[in-house]
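In the block that follows, a single chain appears as structure tokens, in the form predicted alone.
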């Protein structure tokens, strides 16, 4: 689907192989690597990423920091710690997840990235409900690209590691497209 001049897509694959200008890392607050997509990105990018991140002083949940891509095909890695899901703090978790995506888009824009690939942030070991996260992402993308119709970002892709995640983002983007064309 298209919002402004930006194409929004969902694909199944390995984000470490994305040939976009930037990929987003579902980081932890230390930025020093971890499990899941964070560990995969750190392993693929190589030790220089760890050494670079060690100098950044971490990153707060919902914020974002950028590094070179090192051994990855992407020019940049945008690191953003998503929230750990807590049902007693739903609204706060929703806001923090929105901020992770929004701030990553803003940082990509500031660094002239024409393409960006995202994983499903916080839906793995941080247990954020998948369908809820996908809906927040669709709304965040719509908000960002409607507010920035001349965005330098021409393609934003959700790269989903498994079929369940892919299906959730497909549904959320289809619902967004239906709302946009009403």
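Numbering follows the first chain given and starts at 1. The structure displayed is predicted, hence computed values, not measured ones.
Keep in mind that the form predicted together with adenosine-5'-diphosphate is not shown, yet the notes after this line are about it.
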property: Listed range touching adenosine-5'-diphosphate, judged in the model of the complex by heavy atoms within 4.5 Å, from 63-71, 143-151, 35-43, 48-56; result: 35-43
property: Distance check, residue 121 to adenosine-5'-diphosphate in the model of the complex, heavy atom within 4.5 Å; result: yes
property: Distance check, residue 163 to adenosine-5'-diphosphate in the model of the complex, heavy atom within 4.5 Å; result: no
property: Partner proximity in the model of the complex: residue 26 to adenosine-5'-diphosphate, non-hydrogen atom cutoff 4.5 Å; result: yes
property: Non-hydrogen atom contact residue 168 with adenosine-5'-diphosphate in the model of the complex at 4.5 angstroms; result: no
property: Listed residue that, although adenosine-5'-diphosphate is not shown, lies within 4.5 Å of it in the model of the complex (heavy atoms), from 22, 15, 10, 172; result: 15
